[in-house]
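One chain follows as structure tokens, the form predicted alone.
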Amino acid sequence: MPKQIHLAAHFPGVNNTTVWSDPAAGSHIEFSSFVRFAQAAERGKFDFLFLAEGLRLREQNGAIYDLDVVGRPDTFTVLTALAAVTERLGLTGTINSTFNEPYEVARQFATLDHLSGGRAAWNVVTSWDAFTGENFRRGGFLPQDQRYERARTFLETTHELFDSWRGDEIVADQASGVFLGDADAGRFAHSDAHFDISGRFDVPRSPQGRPVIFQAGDSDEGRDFAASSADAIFSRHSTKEAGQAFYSDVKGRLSTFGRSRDELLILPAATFVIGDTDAEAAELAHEVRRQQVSGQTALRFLEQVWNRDLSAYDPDGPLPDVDPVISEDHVAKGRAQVRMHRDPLAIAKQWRELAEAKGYSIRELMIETQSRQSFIGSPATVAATIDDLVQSDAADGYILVPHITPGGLDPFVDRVVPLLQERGVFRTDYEGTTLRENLGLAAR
């Protein structure tokens, strides 16, 4: 029996993957875009729709970074509205554990789970920069070890709130006039280094009991957090070798926390370009890459390593002959990618050697090194590739990120999903009514 593939759809939002300047692109704010995207995913029998989080407008060189989409509406509001226009699609929201409070987040997810009939999921993330923290009452941000410690206790506290109702407390006996059968319903008390709260949780037990928990970190702390507490992990490892290494590592950590390998799904993000033939898809993918990395975008990407204004340089010319500036004060504010450039001087050396060997300009180098396309080919090629990766334990499925919003998911739904169904590795209809049931996860 082959493994069944899980598929999800990421409404891409603010990054250069989204080609907002394409004539086929629509609004990234209007609700009609979210509706069309979600209904395409549900037509394809996808497990869930995924929303990332952005808590402050990104800046670079002291100005708002407006080469990509700017602005992102509130996650809970969008997902709650989508619950009314979908029936089976899971609704996954990224909510930060650094700046929020357990009671309000638990209340919002329990409410979403009720309104959607058991389709809520929470991608638990921590905040990494003080720039974003300036928007919040906490100010600043926590050191990395405290961010994950706060995330762990934040999640434990929300679980206590979710579990403060068993599900049988409401009797609503009209004859006797008794509504509540348990005087202790919703009672909770939690005290640790981060939270000291007590009282009564005011949302009765939801259809899933607890939302499905996602985690997105790739550090050792993030992997341990996922292995100890999450139902699924959202990763960046979409190639076979990288995916298998990540899959083996994270699944191997589960036993440390008394969990089996089936209790955590590995779901990398993946982009795609589909053509009638592999050659046509490759040509289209080249065009998409040039749309995603304009000359201006290439320079801004380079500045994120060089940490200096490079606007005077020609994106079709050679790399700068000056070295990156090493400083805690970075020209790019609010960009997670900056964290990946841990050794800018080493990256600059590597990129200079690559550019010289290949004869790359700045833009060509950025297209080569910043490419995020994962599946390129005819529908048959893409279906076979995804099937092979899942059967080879490089993943349990993929969270797909189209480059056009909101209609970019349609080619995958209409042309690749039927081929996966013919292979017997993807559902032809939803198995259950809750997201946990459709993901094959145990009830909580």
Partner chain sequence: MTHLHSHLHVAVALDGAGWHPAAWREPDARPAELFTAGYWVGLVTEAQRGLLDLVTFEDDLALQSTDRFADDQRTDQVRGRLDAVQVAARVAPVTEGIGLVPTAVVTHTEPFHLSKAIATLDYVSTGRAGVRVKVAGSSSEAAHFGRRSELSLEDLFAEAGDWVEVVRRLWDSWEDDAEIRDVATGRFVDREKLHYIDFEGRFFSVKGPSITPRPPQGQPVVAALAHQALPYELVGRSTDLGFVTPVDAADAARIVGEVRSAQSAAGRADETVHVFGDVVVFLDDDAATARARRARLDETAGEEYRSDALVFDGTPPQLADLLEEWAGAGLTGFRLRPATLPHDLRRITAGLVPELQRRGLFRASYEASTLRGLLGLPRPTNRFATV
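Owing to the predicted nature of the structure, the values given are computational and were not obtained by experimental measurement. Positions refer to the first chain, counted from 1.
This protein has a second form, the form predicted together with its partner chain, left out of what is shown; the following refers to that one.
Using a 4.5 angstroms heavy atom cutoff to its partner chain in the predicted complex, all of L112, W165 and A175 count as contacting. Heavy atoms within 4.5 Å of its partner chain in the predicted complex are found in exactly one of 249 to 257, 272 to 280, 219 to 227, 104 to 112, that being 104 to 112. Taking a 4.5 Å heavy atom cutoff to its partner chain in the predicted complex, the contact residue among A357, A84, L345, V322 is A84.
Interface residue among Q144, S311, Q350, N135, judged by heavy atoms within 4.5 Å of its partner chain in the predicted complex: N135. Put simply, D68 is close to its partner chain in the predicted complex: some heavy atom of it is within 4.5 Å. At the 4.5 Å threshold, heavy atoms of E156 stay clear of its partner chain in the predicted complex, well away from it.
With a 4.5 Å cutoff on heavy atoms, R261 does not count as touching its partner chain in the predicted complex; it lies far away. Contact check for V425: no non-hydrogen atom falls within 4.5 Å of its partner chain in the predicted complex. In the predicted complex, A183, D184, A185, R187, F188, D192, A193, H194, F195, D196, I197, S198, G199, R200, F201, D202, V203, P204 are the residues of 183 to 221 with at least one heavy atom within 4.5 Å of its partner chain, listed from first to last.
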